[in-house]
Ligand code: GAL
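Next comes just one chain, in structure tokens: the form predicted on its own.
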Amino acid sequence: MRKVFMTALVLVLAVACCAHADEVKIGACIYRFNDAFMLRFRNAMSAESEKLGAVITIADGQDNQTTQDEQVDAFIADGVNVLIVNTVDRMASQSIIDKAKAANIPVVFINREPTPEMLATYDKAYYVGAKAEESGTETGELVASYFKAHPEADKNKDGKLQFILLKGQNGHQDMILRSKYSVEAVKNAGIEPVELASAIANWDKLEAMKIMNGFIMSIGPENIEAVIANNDEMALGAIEALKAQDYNTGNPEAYIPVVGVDANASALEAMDKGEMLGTVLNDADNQGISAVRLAAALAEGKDTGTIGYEITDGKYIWIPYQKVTRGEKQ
């Protein structure tokens, strides 16, 4: 196994039995390993690399852009053929593009989208992800559908939806777009949304639980008609806080609909138990597979039209979201 070239780097080698000297070497940077969605993404990338006979090395950025910048430098110095990058700070994408361009190696960004202006500065820079506005719209639609189908959900009978909004990370395009479009979807369904409170919980379950505990104490669970979270981990944190107050434990009179995004295993389990209303599948598997296929094709100078995923505007692979409600499995 190759030598670990920096303390913060975690190596994940995926080598096919037929590997040879000029095999594709992929350097992949993940913003942090302690993220349920990115774990699924990493697993998909590793499995697909093995199928292709490529070697992928995956680094944990530990939620620190300086650390990640050092990892990018190390990958380039180590002679990788292509980079896959999930930035800690999406605004650092330009610096990474400049480094890749100087080394004449392709770079595929994932999950955190550089601006179009950034991608336009290098003909070998791409993005693989999902359109965050779709997930926002779909979470809002899940809540609106429930509110219309369950008159008892309108606790104060004012015809308006009083909700809590749990947001991801400051500056992340998914946080911005999911928050905006989820509320717009409620409004477009003919329901007036009333935001009781919102907070940044950084995609984290424990942080969301603490924040939700504070909202419950200050607002009162009897006044909350829904919780919209930008991802499943934060939704699950909100549910833990509600359960501590004997909400969402099976009593239909003490239930607050909670929605998230990702369709991770814990969310599906919570839905089966009746603790969580629904989620939206953020297809980490297809995003991870397509990112590796694109990276390998670029590294080998092959036609990207053969990878099995459509590339739009010469720069983007978009994987669609999908609503998931109780009883559905992924």
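This is a predicted model, so every value here is computed, not measured. Numbering starts at 1 and runs along the sequence shown.
This next part talks about the form predicted in complex with this ligand, which is not shown.
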Heavy atom of residue 203 within 4.5 Å of this ligand in the model of the complex
yes
Against this ligand in the model of the complex, would residue 90 count as a contact residue? Criterion: heavy atoms within 4.5 Å.
no
When the contact criterion is heavy atoms within 4.5 Å, does residue 298 count as touching this ligand in the model of the complex?
no
Even though the partner isn't displayed, in the model of the complex is residue 50 close enough to this ligand, meaning a heavy atom within 4.5 Å?
no
This ligand in the model of the complex has a heavy atom of only one listed residue within 4.5 Å, and of 290, 68, 282, 57 that residue is 282
Using a 4.5 Å heavy atom cut-off, indicate which stretch of 57 to 65, 266 to 274, 31 to 39, 299 to 307 touches this ligand in the model of the complex.
31 to 39
Partner contacts for 173 to 196, taking this ligand in the model of the complex and a 4.5 Å heavy atom cut-off:
174, 178
